[in-house]
Every structure is written in C-alpha cells, then in structure tokens.
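Before any questions on how it binds or moves, here is one chain, the form predicted alone, in structure tokens.
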C-alpha cells in the first residue's frame, strides 16, 4: 500500500494533493487570460480602501502608489507571457497576491481586505467579457459590412429563391447576402442585452453578504467604468454564472446565423449549383485527391454552432438547481464562456474573409432559372393584377407551367420595388446600422481604456 502524499501548502491552508488537483481544474491555464483584469480589479479595490473614511487608514497614498506600481509590473509580466499560476496558487487571484507579497511584503498581504475570491472572480469575468464583447461586436459589424458590399455589388444578379431546398421564387444575390447582414445586425441586439447584463460591478459584495467596514462600492464601480454596482450584495453573488449563461445565449444566436450562412455557401458552391466559388486559400485539400478544395472552415462553423448551443445549455443546467449564494459548481462556467467567446469571434473573422473574397458566377445563377416553375407565383400575381381572382390564377398557372419558359429573371426581380424586395433593398440603411454598431462598441472600449489608464496612473 503506497504512502499518501503529503498535503500541499497553499495561501488558504494545506490541501490534499488529489483534492487540490481536482478542485483547481483548468484554472491555472484559463486564469492566465484574467491576469490583467485581476490586477485592474485589485487596483480599484486598493484605491477605494485608501480613500475609505476609516481609522487607522488601511492604505496610505504612498502605499497605494506602491501597490499600483507592482500591479503594473505584473500586467507587464502577463503581457510578455512571464506570469505563472502554480498549483499552490490555485487561481489567478492568489497568484497575483503572491507576487504582490513577494515584492511588497506585508503590504501585499493587505490587498485582500474586504474582498473574497467570490467577488474577485466575478469582477474579473465581467471585465474580461466587456472587452471581448466590444471586440466581438466590431467583428460582427465588419462581417455585416462585408456581406452588404457583396450584396450591393451583385444586387441585380438573379438567384433562385428556395423553400424546402426546392426552387420557389426569383430572388437575387443582393437579397440573399443582405438578408444575412440584417440577421447579424439583429443578433447584435442580443449582444447589447448581454453587455448591459454584464456591465454591473459585483466588487465589494465579498462572499455575498457584505463586510462590516464602510467600503465605497460606487467608487469601485466608477473606477472600473461600470454603469453601476449591483445593489444587493447577495444578488451580486448569485449573478455569477447567470452572466455567463446570458452571454453564451447571445453568442449561440450569432453562431446559428453563421451556421445557416455557412450551409448556403457550401450548397451554392457545389459544382451542381456553381452560383458561387469559394476562395481557394480559405479551403483545404485532400491527402489523396489532388483536385479537392474542401469548405472545411464552413463545416467547422456548422459544428461549432452546435457546440455553442451545448455550452449555453450547460451553463443553464449548472445554474438550474443551485441554492442562493456562491457554489463551486460555478467554476465550470468559466471555460464555457471563454470557449464560446473564442469560437464566436474566430467564426466571425473567418466568415468575413469568405464574404470579402467570394466569387459570384452570374451565368450559373441565371442558368438555374431554366426550370419554369420558379416563375409561377410571379405569373399568377400578374394575372391577378389583370383582374383574375387569385385562386383561379393559381390553378391556371399550375396547369400551364410550360407557358412560363423564357421568362426573364432579371425583369422579374426588377419589378419587386416594395420595401425589402429584390429591387427595394435599402443598403444604405443597413450599412448605417453596421457603422453605428461598430462606432458604439469602439466608443465603449475607448471609455473603458481611458478609465483604466487613469486608475493605473499611466
């Protein structure tokens, strides 16, 4: 029988090494992405403590400056890839505290006053999500603009519109591409809701029940450029996990839009359709078939959309039966949201490249109108315009489909001048929405960056 391994000493006591390995999970790796924001949260907390109306003073101005100087150095280490989180640290919070204590001695041991790792990780996640959401929103606007450019450049190219994948009515490349642009712009409303849900400061709630010292939670929120703090500190603790679930729900809708766009591109670039030609440098080859250019990235977007829906569901299921207050189950929502953000951002960038370099083949698009049935509805409505009741027109056209051969798809799509029709698309309005969306996200990030610069005295 082997001798049990000695307990591992950590900042918060000795822990059985198996328990430590199990409970730390992937935090030593995942938390590297949070190192900079953890330092920013600590800077705001220490600044607030230094201004607290309390005797004796917890942090003098000189001590605050010393802590911020050390935090700036740690941020530099993180950006260079030199910052590490050990098993004994368990997570980024205790790793930062360890580095501060190594540099500042007892002063570093004071930074956790009036704070718990519960509100610390909650604020770290919200700071990280805010930065990522602003970047993601700009990338979504960039894809929408690329799709609108594609749509406007080929607005007069007819495209067979399909229902049930069967030919239905005449459409256009302009309608097809701008539809996906508008879909994404509407998805941005969900991202905006996730941003507002996220833009609340939990710092100062500590373990979820506040502290018996006169901390200034509004000041901490202001220093970190949040819209406001959570009011109820117990709710601030309970909001952990819900924040990540809301974010994943928004990202999953973006990914579902991208998945449908990817499927269309795969279908319409097949040799049997050849409406579009995918850029070769965005396709992959075969190890045995020299002629192959495969739409692997589009297929992966379809798969990753499914994974994103699963991650959103997982976050909700983790929350479903939790009692109020912090529970360690919430640790597992961290990887879910980080991966969800990474995948959504990467998918938006890949799809923008596709849209920017996609080749439209007008001859193949027009050749697909050889099947006369695609004109049936338009012809029936022409008869209605001449005075025939619709149902009579419906039966007459259905019984004489061959009479529709030779109809001109260009002329048909030119007739639809109503709002949103093939010849009534308002590209300028959609482009203005995309521009405003990107500008809003960039302005929000600029405000955050300015607040952080002021906080860190740089």
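As the structure is a computational prediction, the values presented were derived from the model and not from experiment. Residue numbers count along the first chain shown, from 1.
There is another form of the same protein, the form predicted in complex with ligand ARG; it is not shown, and what comes next is about it.
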Tell me, out of 253, 220, 134, 118, which residue has a non-hydrogen atom within 4.5 angstroms of ligand ARG in the predicted complex. 118
Given that ligand ARG is left out here, which of 226, 276, 326, 375 has a heavy atom within 4.5 Å of it in the predicted complex? 326
Select, from the options 99-107, 175-183, 158-166, 327-335, the stretch whose residues sit within 4.5 angstroms of ligand ARG in the predicted complex by heavy atom distance. 327-335
Even though the partner isn't displayed, in the predicted complex is residue 243 close enough to ligand ARG, meaning a heavy atom within 4.5 Å? no
Is there a non-hydrogen atom of residue 93 within 4.5 angstroms of a non-hydrogen atom of ligand ARG in the predicted complex? yes
Heavy atom to heavy atom, is residue 27 within 4.5 Å of ligand ARG in the predicted complex? yes
